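First, one chain by itself in structure tokens, the form predicted alone.
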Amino acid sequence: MERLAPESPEETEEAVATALAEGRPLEILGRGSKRGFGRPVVADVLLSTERLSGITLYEPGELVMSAGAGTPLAEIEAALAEHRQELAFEPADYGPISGGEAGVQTIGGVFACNLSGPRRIRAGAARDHLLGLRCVTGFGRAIKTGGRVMKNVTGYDLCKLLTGSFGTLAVVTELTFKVLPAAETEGTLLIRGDLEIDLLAALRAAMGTPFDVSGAALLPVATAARSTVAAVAGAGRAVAALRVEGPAPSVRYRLERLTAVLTGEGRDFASLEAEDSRRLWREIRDLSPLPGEGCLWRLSIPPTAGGALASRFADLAPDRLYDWAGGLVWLAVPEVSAAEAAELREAFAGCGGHATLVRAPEAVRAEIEVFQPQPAPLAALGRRVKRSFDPERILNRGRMYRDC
């Protein structure tokens, strides 16, 4: 396949305009770390944003940064770390998660896929941190939306529309996003028990306290055993983890209060200091305790439904992980068929949830819908939005749905 790697927004605009004139669909990507996430793209030309790289603006005092879409996330995180700042939504490294290489994903890919990690329950999703962007639509025209501060956003909030569109609406060339100070320190409370339903209840109870929990996850027995943190791997039981961040005295106090509030029959407690806490949450963020091969489902459900469905999850996959206090469930399974996918989605639709197939062989991703099938009115709206940005469907054709 022909490959294009424009070095400027102007070259990107020209490349898209040429593809439109010639009727040649484009596959849009950064460095390819999430190429296995989504349906196989129907394309004649690959357009990479990897050379649209570099931090173009960083004002630590204003908590704002701008960068080219192809800028590696690692470069951005390193620059932020020098000023003790961070991306508060804690994006995971989807390279190994989706079967690719670690450490190569770009900031454009993070926002294109709306990737958010464990801290989403407190800080919000990636789209909540995007202030503005520049992009090229399927008309071959460059546009700008948003600004450097939230109050500059007027009219339609196209940033939120484009975030999570997987490159199907426009080729993003530059992004402006807010950053936040990193916490002074952190600690994690571990709750070990035999019943997942009880530990999920503990996570939900913790989220209802005033102790500002920034991470709430549950590792079943088999998943916990793969952790590199000794207190988790050696538990021999399921492990619920609650993270708190902030000044050291505040962290100690909140961990003590959470222990007192959550004490109950069949539960025992331990705590992790900052270094082990950070290691555990990196593992949870990047799903490293789950198998790196086979198919991977991402289920979004109401946290209150997690307890009732715990036994169902155990039947579906012994290798699983709960995040967001039970609102996000990862299931690792050896393989999946169209019939199994339909059955799984039907089972969880009744609880208000939906399922996304994050990792699977290309043949499987071509056969079944990777993203949750939409109700007819919503699907029709999606097609109209697609036509308004990309009428000839030249951008990542079929990446999310067959007809978009």
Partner chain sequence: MQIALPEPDPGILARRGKIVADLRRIVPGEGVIDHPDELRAYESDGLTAYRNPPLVVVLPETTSQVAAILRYCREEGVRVVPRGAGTSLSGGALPLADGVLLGMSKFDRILDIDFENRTVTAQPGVTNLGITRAVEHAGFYYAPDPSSQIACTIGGNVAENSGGVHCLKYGLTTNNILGLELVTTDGEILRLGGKHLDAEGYDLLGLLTGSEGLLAVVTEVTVRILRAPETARAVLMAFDSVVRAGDCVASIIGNGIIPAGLEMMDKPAINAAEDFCGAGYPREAEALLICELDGPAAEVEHLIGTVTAIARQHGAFFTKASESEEERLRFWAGRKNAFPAVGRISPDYYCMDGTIPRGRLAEVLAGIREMSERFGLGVANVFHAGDGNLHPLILYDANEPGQLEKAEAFGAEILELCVEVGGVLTGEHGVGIEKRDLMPVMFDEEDLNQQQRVKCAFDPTQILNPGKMFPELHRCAELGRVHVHRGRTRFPDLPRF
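Numbering follows the first chain given and starts at 1. Because the structure is predicted, anything quoted here is derived from the model rather than measured.
FYI, the form predicted together with its partner chain isn't displayed, but the following is about it.
Contact with its partner chain in the predicted bound form, defined as a heavy atom within 4.5 Å, is made by none of Gly70, Ser214 and Arg397.
Only one listed stretch (96 to 104, 275 to 283, 167 to 175, 308 to 316) carries heavy atoms within 4.5 Å of its partner chain in the predicted bound form, and that stretch is 167 to 175. Listed residues Ala222, Leu161, Ala79, Leu195 were compared with its partner chain in the predicted bound form; Leu161 is the one with a heavy atom within 4.5 Å. With the partner removed from view, the residue among Ala74, Ala270, Ala125, Ala233 that has a non-hydrogen atom within 4.5 Å of its partner chain in the predicted bound form turns out to be Ala125. By the criterion of a heavy atom within 4.5 Å, Gly146 is counted among the residues contacting its partner chain in the predicted bound form. Under a 4.5 angstroms non-hydrogen atom cutoff, its partner chain in the predicted bound form has Arg141 among its neighbouring residues. Residue contact with its partner chain in the predicted bound form: Leu63 places a heavy atom within 4.5 Å of it. Although the partner is absent here, Arg402 lies well away from its partner chain in the predicted bound form, with no heavy atom inside 4.5 Å. Contact annotation for 1 to 27: residues with any non-hydrogen atom within 4.5 angstroms of its partner chain in the predicted bound form are Glu2, Arg3, Leu4, Ala5, Pro6, Glu7, Glu10, Glu11, Glu13, Glu14, Ala15, Ala17, Leu20, Ala21, Glu22, listed in sequence order.
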